[in-house]
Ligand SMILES: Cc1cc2nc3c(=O)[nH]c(=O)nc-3n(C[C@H](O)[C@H](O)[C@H](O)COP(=O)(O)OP(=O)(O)OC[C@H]3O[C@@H](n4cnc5c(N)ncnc54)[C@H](O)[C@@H]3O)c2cc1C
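Heads up, the chain below is alone and in the form predicted alone; it's given as structure tokens.
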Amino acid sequence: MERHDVIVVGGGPAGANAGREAAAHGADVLVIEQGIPREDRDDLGPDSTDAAGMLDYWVDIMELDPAEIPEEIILQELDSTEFIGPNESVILRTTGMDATYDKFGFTFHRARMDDWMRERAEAEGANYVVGRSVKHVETDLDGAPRHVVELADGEELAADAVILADGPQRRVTLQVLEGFLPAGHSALERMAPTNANHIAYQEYRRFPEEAFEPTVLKFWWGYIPGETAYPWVFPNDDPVARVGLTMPIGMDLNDFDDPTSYVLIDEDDTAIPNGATYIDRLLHNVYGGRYDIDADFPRVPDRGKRGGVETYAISSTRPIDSPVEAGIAIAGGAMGTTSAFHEGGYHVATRSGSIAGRLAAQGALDRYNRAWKEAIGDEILRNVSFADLVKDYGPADWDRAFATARKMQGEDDDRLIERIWTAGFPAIKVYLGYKWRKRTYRNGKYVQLTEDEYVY
């Protein structure tokens, strides 16, 4: 039986960086990636589907020098983001966070970024195989080695440590966790893909030159129903943009008191529209008065997964601890670090994978649950708190929030409290609500499955 110090399941940002760090710290590591085809990638690779935007301070969370990123990966340098409600909007020109990256952020080609991460892992000495999938992981706590990884073709591989980085669908992660949780544990149901994820859909569209905004991310809130559900436009290479949306899985219009208050819901709708319908309605709503949408905003067929279209899952639950006493770490989307609130989480996936790989190589996985919280806990705390704050927002709530945010804007951050009071009761309510939620989730309480719940 082929044996490795560390086996990583999944070769996306978490898995590739786990492999890179494990190899850099002296481990014999194997990264196993099932691989999918894409129109914009020559070979099989990870499920590289994301709107793919990066904010300035996210680069620091990744512990990545921006100068190292190849030019062909970065598509557009950004200077702002615009949040648009049915009647109000606000433009943010700073994230308000200290960062070494000197612009607001950038959009990037996700498949190229993933391929580069793989190259970095292989250059460090990681063995990275594509086109093979993991069927099962068997763990013997007293065994040597502790883990036997069975592939779909029946081959068995042995490892001292296993890192699960199989993304928000958690195909392998869920069956592994079943072995360490009591029968009927509610976490398994909560983390099932249909319960734990949002569905995201995007199309690559060619824009008229005068309508293409290369430096701005645009998000529309209060346009479609659902918790943290919104359409977006991300600028790609001139003048192509990714037009997409994210929304919870399995919604029903009857779940909403007034569904027609949402801009992209029509009176004759009897069900939640599909992604393509939503995108068509968004483009007509925003640009239809000036353009022929079908003629002037054509889909670009040689982009994305197939035909210029991508559908993918984004984790929408809080993160989980790993059963580290069994020599297993869970990283990236599989552990729930990605977020439907800000459309993905490449930065936290990368960082959690790096931590898992390093500690696995050092024989110190028992420190993993503490280490990832120290590294990315503040970011996750912000995301969980904001998502909780706005989960019941409707169109009118988003309008009030954006109007309030405009009143609070100013150059001097030291005057934040003064601006909050000047903006009046809505600002105070939002501010105190956010602070209360952060306090509720402090000290790692945002974790939905804790280390002490595992049974060995």
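Keep in mind it's a predicted model, so treat the numbers as computed, not measured. Just count from 1 along the sequence shown to find any residue number.
There is another form of this protein, the form predicted together with the named molecule, and it is not shown here; the text below is about that form.
The candidate spot formed by Asp47, Arg132 and Tyr346 is fully in contact with the named molecule in the model of the complex: every one of the three has a heavy atom within 4.5 Å.
The single contact residue among Ala159, Met113, Val172, Leu75, judged by any heavy atom lying within 4.5 Å of the named molecule in the model of the complex, is Val172. Comment: the named molecule is not present in this chain, but in the model of the complex one of Tyr278, Phe104, Tyr291, Trp232 has a heavy atom within 4.5 Å of it, namely Trp232. Contact with the named molecule in the model of the complex, judged as any non-hydrogen atom within 4.5 angstroms, is confined among 33-41, 385-393, 399-407, 63-71 to 33-41.
The closest non-hydrogen atom of Ala200 lies within 4.5 Å of the named molecule in the model of the complex.
Contact between Gly304 and the named molecule in the model of the complex is not found at the 4.5 Å heavy atom cutoff.
Mapping the unseen interface onto this chain, Val243 falls outside it, with no heavy atom inside 4.5 Å of the named molecule in the model of the complex. Heavy atoms of Tyr312 reach within 4.5 Å of the named molecule in the model of the complex, making it an interface residue.
Contact annotation for 157-184: residues with any non-hydrogen atom within 4.5 angstroms of the named molecule in the model of the complex are Ala165, Asp166, Gly167, Pro168, Arg171, Val172, listed in sequence order.
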